[in-house]
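Shown here is one chain on its own, the form predicted on its own, set out as C-alpha cells.
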Amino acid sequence: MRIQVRARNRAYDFEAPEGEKLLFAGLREGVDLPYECATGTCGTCKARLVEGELKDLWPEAPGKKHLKAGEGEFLMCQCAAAGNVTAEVSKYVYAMDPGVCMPQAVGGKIAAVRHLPGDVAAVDVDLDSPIDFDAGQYMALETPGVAGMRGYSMVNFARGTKRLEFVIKKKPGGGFSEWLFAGERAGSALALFGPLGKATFYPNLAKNLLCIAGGSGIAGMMAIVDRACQESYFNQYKGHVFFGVRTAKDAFYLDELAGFQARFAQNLAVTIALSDEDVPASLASRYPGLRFDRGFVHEVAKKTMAGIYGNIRAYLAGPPPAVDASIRFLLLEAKLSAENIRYDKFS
C-alpha cells in the first residue's frame, strides 16, 4: 500500500504492507517521522487523515486523549493502512541521516529473567537476527495477548548483536510488566521494533557527560557509560552519573557501576541517591569507589554539580517528575541549552 505523509516542508512517499503501523513503516524507510514513545502513550506522532482508510490496532491507546477525532487526527504508531493513505503532520520532517541505525521489526525470545531488588527484573532477549543500535536507544516490545507495545531501553551496548538486555519495573496496571512478573517467561516469544529514541551518545561528542536516572531509568545510562568506557572516552572527558532509588535495598547494578568507575577513577564519578533513608555505613564501605547521598536524585545532582556545568551534555531517564525537575534546574540554573539536554518520553 502506498503511504504519503505531507509535512510542513515536503511530502514523503513509502510503502507499507498490510498490518504495519504507519510510523514504523516510515521509520523503516528512513523517514524521520515525529514520535517520542512510539507506543501509543504520548501523542507526539499524531497526524491528520487526508485520504484513505485506517485500521486502529489499539483503540484504547492512552495517547488518544491528545487527538481531535472530529478533525481526522490519529496516532501513526497505532494505525495501519487499509489501502492507499494520505496523511498530514504539522511538523517539519526530514530524511534520516546517512549511517544511522535503521529501525526494523525483529522477532525474539526471552532467554532469561533475573529478579532484582525493588520489583525490577533484568530481562535478556535473544533476537532472530542481529541489529545495530546506539547507546541510549530503546526498543518497542510486544507479546501476544497484551494490547499495545512498551518501550524499554537497552542496558548493553554492542553492534551487530543478537542479544539485548532490558530492565523492567513492575507497575500496577502495566500490561506488559504484570505479564512478565506473573510467571516463568523464559522462552516466551516477543515482537520488537527499533532501535528508537534520540537520547543517544556518540564518542565524537567531545563533551563531559551528566547522567541522571531514577529507578529502571538507569538502563539507558548503563549503555551510555558502557560505550563510553569501551571507547576510553573518560580518559579525556569527565562523567557524572547519578542513580536514584528509594532505599539501599532497592539499589541494583552497583557492582557494574563500581566496575565502570574503577576503570576510570580519575574522571568518572558515580553517585547513588537514596530518597527515603540515610545512607547505611555498610553500603558505603562495600562500595568505596561510589559516592552516596540522601535525597531525590535531581536534588543530589543539582547540589553536587553546582558550578561545574562547563561543556556538558546531560542525559535523563526515570519517573516523569524526576525528569521534569531535572530539566528545570538544568535549563534555569545550569543554563544548559535544550540541545544539550537529552531524554526520551515513555509516558
Partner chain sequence: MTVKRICLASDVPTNEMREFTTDGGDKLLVANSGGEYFAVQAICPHQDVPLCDGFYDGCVLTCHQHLWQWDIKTGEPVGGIAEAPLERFAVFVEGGEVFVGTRGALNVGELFSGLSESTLSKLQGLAKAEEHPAGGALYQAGDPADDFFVLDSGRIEFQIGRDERTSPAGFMLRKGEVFGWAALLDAHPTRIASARVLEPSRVLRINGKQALAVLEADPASGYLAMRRLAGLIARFLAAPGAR
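Residue numbers count along the first chain shown, from 1. Note that the structure is predicted; figures quoted are calculated from it, not measured.
Only in words, not in the display: the form predicted together with the partner chain, which the text now covers.
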Report the stretch among 291-299, 275-283, 60-68, 307-315 that approaches the partner chain in the model of the complex to within 4.5 Å, counting heavy atoms only.
60-68
Proximity of Y94 to the partner chain in the model of the complex, heavy atoms at 4.5 Å:
yes
In the model of the complex, A248 touching the partner chain (heavy atom, 4.5 Å)
no
Can V89 be called a contact residue for the partner chain in the model of the complex at 4.5 Å between heavy atoms?
yes
Look up in the model of the complex whether I341 has a non-hydrogen atom within 4.5 angstroms of the partner chain, and give yes or no.
yes
Is any part of 316-341 within 4.5 angstroms of the partner chain in the model of the complex by a non-hydrogen atom, and which residues would that be?
I327, R328, L331, L332, K335, L336, S337, A338, E339, I341
